[in-house]
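A single chain, nothing else alongside it, follows as structure tokens in the form predicted alone.
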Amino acid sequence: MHHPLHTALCDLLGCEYPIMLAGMDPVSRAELTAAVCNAGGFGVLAATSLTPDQMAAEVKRLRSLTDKPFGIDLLLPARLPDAGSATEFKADIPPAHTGYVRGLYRDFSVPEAASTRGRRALTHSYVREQVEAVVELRPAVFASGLGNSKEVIDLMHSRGIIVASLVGNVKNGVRMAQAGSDIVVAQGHEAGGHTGRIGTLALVPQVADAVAPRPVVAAGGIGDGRGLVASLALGAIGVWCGSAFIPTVEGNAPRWWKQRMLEAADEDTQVTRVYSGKTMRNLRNRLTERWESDGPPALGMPLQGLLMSDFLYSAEQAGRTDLMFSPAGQITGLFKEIKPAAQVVREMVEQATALLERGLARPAAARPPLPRQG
């Protein structure tokens, strides 16, 4: 007998519950991905910032922690230079932008530290190397958190890999379905990280209708069992959850990031282009507020990331966590403690099951009346 939450997603992915871990870089590494898989969900490893060799090492570690199927997530922006080095691209950054960042060092009192990361620029040639690495590693699912192409989808299908594509509007949902994506993940404006302009409640049913019978998974502002049940009611067959798994024991986020999420309320995130050049929801901080108030127009990928890379490295070395990259969704006000990932899955499943079994119109429990106003 199937669990009350068993959906077509469970059959497609070989998981117990229709809960997918979002491939959040750098949070969703081997430990978190395996923990979600072992708890009955479907884990997706974030690999955008990993070289092919690093990706292979992370997958080897993941496979030592679970025997369950899992996915790998990459970013596939449509507009990238074909090839080139970080040094070459930095030479293309307008002087006004570099001058503005020079002012950030001064205004935020950040000592300049030479970056030793040896970061590779995000180009089509580099992304192709990453895609080829995914093909060699043969995960159950390839997920694209930003962009996708029929060429990549066909390549994955030729190796028996299921493809999930994230979209932020109906137009791109239809485009991905027509290109052959097996799952369309409709991600609303509430989501952390790269995000679009349409709210989840409005987006999911429109995408579900537009791409039917292609399966849809809901994302954005989903952090507990209530969000899971609501997503199923909207026409999705499961959920793609990110922010709920950042403040977990296994989440590969620094302690300060997790702590800030526990302290944040519903209005403590901000959509900014400062970190990547594309709209990204981040925990509100002094840098996001400053850039969005008087910063120059953001550059495209990969220039904006390269523009900010040395400043962010310097801020990190100086312990300036008030300036750092820390994506989070508007659901963050729900989280009050750091938990094991398995507990997050279990509580989501238990709450959703209770809602389905008792009937949605019945109150969860007796609550004291609200105080009178005036």
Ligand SMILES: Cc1cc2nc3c(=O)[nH]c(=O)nc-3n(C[C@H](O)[C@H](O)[C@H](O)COP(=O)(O)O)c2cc1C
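Everything numeric in this text was worked out from a predicted model, so none of it was measured. Residue indices: 1-based, along the sequence shown.
Only in words, not in the display: the form predicted in complex with this ligand, which the text now covers.
The chain is drawn here without this ligand; in the model of the complex, the stretch among 35-43, 301-309, 22-30, 336-344 whose residues come within 4.5 Å of it by any heavy atom is 22-30. Screening G227, G168, G193, G251 for any heavy atom within 4.5 Å of this ligand in the model of the complex leaves a single hit, G193.
Note on the partner interface in the model of the complex: the residue among G242, G173, G238, P247 having a heavy atom within 4.5 angstroms of this ligand is G242. Looking at V207, you'd find every heavy atom of it more than 4.5 angstroms from this ligand in the model of the complex. This ligand in the model of the complex is approached by L75, whose closest heavy atom lies within 4.5 angstroms of it. In the model of the complex, no heavy atom of F89 sits within 4.5 Å of this ligand.
Not displayed here, this ligand is kept clear of L62 by more than 4.5 Å at the level of heavy atoms in the model of the complex. Taken together, the three residues T48, Q187 and A328 all come within 4.5 Å of this ligand in the model of the complex, as judged by their closest heavy atom.
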